[in-house]
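In the structure tokens that follow, the same protein chain appears in two forms, which are kept apart as structure 1 and structure 2.
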Structure 1
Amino acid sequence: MSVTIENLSYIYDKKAVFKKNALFDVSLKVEDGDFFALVGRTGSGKSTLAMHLNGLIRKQTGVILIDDFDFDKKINLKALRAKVGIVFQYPESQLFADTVALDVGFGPKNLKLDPKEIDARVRDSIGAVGLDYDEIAGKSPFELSGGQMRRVAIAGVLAMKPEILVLDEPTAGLDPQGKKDIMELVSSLRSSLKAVIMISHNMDEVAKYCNKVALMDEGRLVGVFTPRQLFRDDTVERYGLLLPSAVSLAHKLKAAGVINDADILGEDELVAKILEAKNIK
């Protein structure tokens, strides 16, 4: 089991008059091999939950277990953050070093690793995100395109060799091709990770890439679903989200009598439904 959360609650500014209840009694499990999505409208508690996972927010009430880390005991935060890597929304804004190689190597250097090991990790991580080390290592991160900068930011997290990767809106602000490239990259990294956890408002990406989805609303867990279960009806719309584009179109075609049911996830399934309804082989 990669991640177990039981009855997790959290209050910001707990002693203040205007304290904010951010999480209420949240329980869920992320299994090894999962590409797990956290979805919900802004302010639903997704980021607060995610930041608990590598100790950026300290637990108040409930249970968090990540493999051999017990959050009820004193935790080695450096070791935890090497195991659980977080890529924040617009991670390129956190780039700061003079060169790409120095930026990617910052985390491993803080672990006080041998210089040869740091260099190997930097090379491996830059390659893992689809960039050419010889071409890019000596450049300033700020000379790069937006998509390249995001890849460098992800490489910096991968250089810590995490087992669990947490991504907060990984495609925010990118053009359609950039979004596709980043999601294909993340998908390609799954084999080297125990689990991927992604916060997203993009239901097309959730439908295509994720195998489980936790829907949150006002700090509470509505439920954990497969994408097919979640998008079968108007549940996400009732919680302020949009259906995936293909699913939304399928619902409209069903209402118009063009197809018999709207139980699809992507474009290929939708086309197959239309061909079936028209008796076209």
Structure 2
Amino acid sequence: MSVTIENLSYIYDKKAVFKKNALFDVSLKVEDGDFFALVGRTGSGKSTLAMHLNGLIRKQTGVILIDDFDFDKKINLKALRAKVGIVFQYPESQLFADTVALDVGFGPKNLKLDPKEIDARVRDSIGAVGLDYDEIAGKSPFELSGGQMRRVAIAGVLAMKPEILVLDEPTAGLDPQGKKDIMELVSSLRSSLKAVIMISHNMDEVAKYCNKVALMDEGRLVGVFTPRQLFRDDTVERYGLLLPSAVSLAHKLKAAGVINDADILGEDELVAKILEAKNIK
């Protein structure tokens, strides 16, 4: 079940004075098994693109095909949303129920699942995002810290057991351990999901977890790359981004002659490269 987007353009407030193309002629394809990153500076159109995928924004021009959903016809939004789960930017503003358990269980309940199944999903997904069910299930979501709310919001989408998971800045505001936990979690879900699409400003995470990266700028798609291609040189800096921290450090070490090439993505590779240069096994 792939996601195909062709020549997608979108303008907010078509009639307004401040009309602006939030998306312009974007075409891309996400395939089964992809952990697909969408990156680009603030305002480049990433969230606008993501919101199309579960019908939150109605397509204006272009083609979107997801599985057998043809966005040119009237689509069954409920069915689409059971397939495509989106964790929005600032998902904590969407928490609403009296307790964490009710909030996470809201989606499954809407699917009219068996109460036992709902309960199991709620427990599993709260555990999966690294929260303690017994401690937190009965609390009001509004009595949590920012990072705890974020995890609850992610749990709510996981409880829907979507096939395609779209995450808009899922780790912004999480502490380092929390970031790692969420990324490892999503990564481990890959076998049960068809595809993951992640919007992120965190190039370290993109380098570590994603196999493809789409770079956006001012509503246009600059291109789709592998992380290694994209982070080979400092091209990304022209698009408001920075190199992953290990790569940036590698470039400095290379410039100083400590290592011969900066062809690495992560810290482990960098450490190995330095040791090699220093003749240490």
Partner chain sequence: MSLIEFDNVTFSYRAGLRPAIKNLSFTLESGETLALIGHNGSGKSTLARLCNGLLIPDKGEVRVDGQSTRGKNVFDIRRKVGVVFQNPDNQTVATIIEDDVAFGPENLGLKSEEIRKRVDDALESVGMLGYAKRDPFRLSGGQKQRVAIAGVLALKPRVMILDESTAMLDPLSRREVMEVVYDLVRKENMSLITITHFTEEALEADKVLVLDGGEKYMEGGREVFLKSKELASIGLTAPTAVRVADALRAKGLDVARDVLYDEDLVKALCR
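None of these values were measured; they are calculated from a predicted model. Throughout, residue numbering runs from 1 along the sequence of structure 1. Between two forms, the rigid core is defined as the largest C-alpha subset superposing within 1.5 Å.
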| item | value |
| --- | --- |
| Form predicted together with its partner chain - structure 1 or 2 | 2 |
| Swing of the smaller rigid portion against the larger one between structure 1 and structure 2, to the nearest whole degree | 16 |
| Rigid-core-superposed Cα shift at D114 between structure 1 and structure 2, Å | 3.9 |
